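Here's a solo chain for you in structure tokens, the form predicted alone.
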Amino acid sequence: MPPLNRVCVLGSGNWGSTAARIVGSNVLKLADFDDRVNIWVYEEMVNGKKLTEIINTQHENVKYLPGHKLPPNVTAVADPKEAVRGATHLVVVIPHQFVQDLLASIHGCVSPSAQAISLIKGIAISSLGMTTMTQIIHRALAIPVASLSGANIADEIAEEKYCETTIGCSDPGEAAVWQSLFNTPYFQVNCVSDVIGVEFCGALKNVVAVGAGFIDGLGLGNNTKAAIIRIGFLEMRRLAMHISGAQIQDATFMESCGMADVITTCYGGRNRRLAEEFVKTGKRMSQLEQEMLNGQKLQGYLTAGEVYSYIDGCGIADHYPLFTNIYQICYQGRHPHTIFDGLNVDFSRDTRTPPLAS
């Protein structure tokens, strides 16, 4: 009889803990999976106790997902090498700026027959262009990597409110396994083959959400916010097509990872919420992260900087006025009212360039 598969969740923030909650329950129903699910936890002290100790005794991440119990078969592990030992399925869900360090720490400890799925909503910039998280993970670990993204606010999922998500996976058999690990009556999974498209939607929508938060902070109402969302969605699609050539499928933008995620993030996500407070209070984003997110990083703010670095370097920033304005408000001190500058761009023009960096 072959050994059982085993899941490890790498990341224990709000979304990572929610993912562990789902996967931890689902493996108990899957005959070919070990019941134990490891979750790697960046060790820190909470009320005088180690966070791993709290999770393993109280079965709750009291710092990042308070009020929601984790299944008893989810075990917190502080050493990433120990967490991945024997794992066949890695769920990677940490802020994208920390991915390289994490991968370096587990290099050589992951089975060559393992596979991974990225729940990270971020992209990386290099001199070659943009690189996705699945590409970075695959390059470091030499294993297949899928992507999960959707209209998925973690707290609402933890409360088991109905929603959808999208898994991008090029292999149908692997996609079916990932679907069995994540699908629940309240968390409905649809699988597509467009891995890069799923990732791009997940990363770029956070920038649009920052713009929507600026509108809320200015108190300009739903008509204005809808206009910003529409323009942001078109800039997302244009930039994805520009970078990837024919790799991204247009239909992906109509999945949960696309339009649905843009809508929910622009109305209920933390990127929107912090951007609203940025306008109302005048505080720096880094200060708001500490005050409102327990120090977790705001992905939209970081991605706005990375996106602008790319489009400015390519000399095409004028094709992306909303992304440019959001960057300048966040990083250059421009007034939030300047978000409307130059928004009469012609989206029928093609700005496509050579394919995504590999």
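Here the structure is a predicted model, which means the values were calculated and not measured. Numbers for residues come from their place in the sequence shown, where the first is 1.
Although it is not shown, the form predicted together with a small molecule is what the next lines describe.
Just give me the single entry in 89, 225, 238, 270 that has a non-hydrogen atom within 4.5 angstroms of the small molecule in the model of the complex. Of the candidates 89, 225, 238, 270, 270 is the one lying within 4.5 Å of the small molecule in the model of the complex.
Counting any non-hydrogen atom inside 4.5 Å, which residue from 196, 153, 288, 106 sits next to the small molecule in the model of the complex? After the contact test, the surviving option is 153.
With a cut-off of 4.5 Å between heavy atoms, is residue 206 one of the residues that contacts the small molecule in the model of the complex? So residue 206 counts as contacting the small molecule.
Taking any heavy atom pair closer than or equal to 4.5 Å as contact, tell me whether residue 265 reaches the small molecule in the model of the complex. Contact check for residue 265: yes, within 4.5 Å of the small molecule in the model of the complex.
Answer for residue 255 alone: is it within 4.5 Å of the small molecule in the model of the complex, judged on heavy atom distances? Judged by the heavy-atom cut-off of 4.5 Å, residue 255 is well away from the small molecule in the model of the complex.
Taking the partner as it appears in the model of the complex, which of 74-82, 106-114, 198-206, 275-283 has residues with heavy atoms within 4.5 Å of the small molecule? Careful reading of the contacts points to 198-206.
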